[in-house]
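One chain comes next, on its own, written as structure tokens: the form predicted alone.
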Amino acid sequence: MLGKGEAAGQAHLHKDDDGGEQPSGVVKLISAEGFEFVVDKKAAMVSNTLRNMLTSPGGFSETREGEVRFPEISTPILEKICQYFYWSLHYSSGKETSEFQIEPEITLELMMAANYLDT
């Protein structure tokens, strides 16, 4: 997971329709404040809502651009959601277990966002 202004590291690049380069296999999630989180597409697919947005036929901008804006989700909440995506991938096999830590002061806002994202 990368924040705005951070290097993509080892992400593979491909040419987009405009001739620019975009990381393949990643999705950009943008918070209400405009902070950009670049996450692996596999991690984003933990959310059924994101899966539907990114894989639906019909030429939706989220599918074409690999970018989803969340005008109602704040940066700290979206960051926690991205952390959950990776936590869920890591522990989905059930071989290992670990609690996902949630700070009490963000619980309500996080639950509302998780409900919207169907995670």
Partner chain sequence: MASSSSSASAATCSGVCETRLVDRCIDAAARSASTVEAWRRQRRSLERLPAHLADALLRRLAARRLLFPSLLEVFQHSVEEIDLSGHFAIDAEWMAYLGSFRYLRVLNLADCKNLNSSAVWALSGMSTLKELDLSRCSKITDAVIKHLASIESLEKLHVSQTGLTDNGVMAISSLENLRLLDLGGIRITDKALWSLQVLTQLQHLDIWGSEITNKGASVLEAFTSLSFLNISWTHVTCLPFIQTMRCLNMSNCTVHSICSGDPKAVIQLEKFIVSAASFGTVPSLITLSLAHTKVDDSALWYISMMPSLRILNLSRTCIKGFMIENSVKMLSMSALEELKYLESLNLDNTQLTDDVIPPLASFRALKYLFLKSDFLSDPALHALCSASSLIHLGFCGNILSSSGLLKFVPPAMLRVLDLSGCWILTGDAISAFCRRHPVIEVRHELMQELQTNCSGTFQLYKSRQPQQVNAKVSKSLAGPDERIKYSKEELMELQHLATSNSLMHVMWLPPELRRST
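Given the structure is predicted, the values throughout are model-derived calculations rather than measurements. Residue numbers count along the first chain shown, from 1.
What comes next is about the form predicted together with its partner chain, which is not displayed.
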Q.
Check Ser88 for me: does it contact its partner chain in the predicted bound form (non-hydrogen atoms, 4.5 angstroms)?
A. yes
Q) Is Val27 a contact residue for its partner chain in the predicted bound form, using a 4.5 Å heavy atom cut-off? A) no
Q.
Taking its partner chain as it sits in the predicted bound form, is Ile81 in contact with it (heavy atom to heavy atom, 4.5 Å or less)?
A. yes
**Q.** 4.5 Å heavy atom contact, Glu72 to its partner chain in the predicted bound form
**A.** yes
Q. When you measure heavy atoms, are Glu33, Glu36 and Ala44 every one within 4.5 angstroms of its partner chain in the predicted bound form?
A. no
